[in-house]
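Below sits a lone chain in structure tokens, taken as the form predicted alone.
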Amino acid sequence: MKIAYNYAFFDEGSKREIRRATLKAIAIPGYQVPFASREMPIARGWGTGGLQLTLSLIGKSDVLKVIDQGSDESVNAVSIKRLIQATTDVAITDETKEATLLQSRHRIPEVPLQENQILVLQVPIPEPLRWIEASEYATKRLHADREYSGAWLMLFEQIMKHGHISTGADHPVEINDRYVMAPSPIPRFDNPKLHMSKALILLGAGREKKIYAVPPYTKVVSLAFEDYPFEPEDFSDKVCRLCGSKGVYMDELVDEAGIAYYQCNDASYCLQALNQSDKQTEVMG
């Protein structure tokens, strides 16, 4: 027997509660808004925060794209898409420019987002000060007092130990000249995409029960020192072995002969670039 769910899984009261928290997060960029995280048919830590945001916002006319570390076909991405489509029947796409609602884990797509789009990022740990302060009460006080010396100290210790800032992902940012925010475990390469983004960016942490946001056209600056400026990963001299793209975030892989090569992390971007290259070759041929 087929089980009938309410549209987008949640009851309407749950959707309204999540939307109210979302509106508050948009009104106060970077501020972590508590919300009553619901039980989901997937385990917490597997994207429940992002999924709850998506289910509370999605409408019948939306077109959905879900990616996990650049892939549209990973187990996590496919499972989330199946749940959303089973309870909404919305259209699914792999192309970033066609989507109105995008949910992502660990990446911001390579194709620039536009004003009619919403990006939802899955977040495991929303508190950027958690590594230096375990108490939730204490971190709230630190945010209220704008006391972020601990975050700066963490970066300073990396410089003293490694000679440079060594954050591989989730590099803290200051948003709207006020709150220091965890951008989710996106690579440093994606941090600049947050600054003055045309799209609304929402971040949800289901296990930690927090929602926060980067509204469109908001100033976002990655924390760094004047003599040790913020430096995203540099792939300017690397070429994707499949599509020939440059200047995008790439994965370093090793072939059977033990030789390293590079490939676009954003799988759909790579496929589109490859198809475009093939069409140009056909025209020239």
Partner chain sequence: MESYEIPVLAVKGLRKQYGDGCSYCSGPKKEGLERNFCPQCGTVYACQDISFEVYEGEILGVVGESGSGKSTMMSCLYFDQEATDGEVYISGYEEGKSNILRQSRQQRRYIKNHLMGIVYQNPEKGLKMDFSAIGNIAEKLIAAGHRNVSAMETRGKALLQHVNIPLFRIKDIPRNFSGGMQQRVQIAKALSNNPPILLLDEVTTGLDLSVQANVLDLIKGLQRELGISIVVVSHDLAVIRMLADRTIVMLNGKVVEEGLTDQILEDPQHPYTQQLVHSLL
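The shown structure was predicted, so the numbers you read here are calculated from the model rather than taken from an experiment. Numbering follows the first chain given and starts at 1.
Note that the form predicted together with its partner chain isn't included here; everything after this is about it.
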Between 142, 84, 118, 194, only one gets a heavy atom within 4.5 angstroms of its partner chain in the model of the complex; which residue is that? 142
By the heavy atom within 4.5 Å rule, which residue out of 169, 78, 159, 111 makes contact with its partner chain in the model of the complex? 159
Among 222-230, 56-64, 40-48, 255-263, the stretch whose residues bring a heavy atom within 4.5 Å of its partner chain in the model of the complex is 222-230
So in the model of the complex, does any heavy atom of residue 92 sit within 4.5 Å of its partner chain? no
State yes or no: in the model of the complex, is some non-hydrogen atom of residue 178 no more than 4.5 angstroms from a non-hydrogen atom of its partner chain? yes
Does any part of residue 149 reach within 4.5 Å of its partner chain in the model of the complex? Heavy atoms only, please. yes
Residue 132: heavy atom within 4.5 Å of its partner chain in the model of the complex? yes
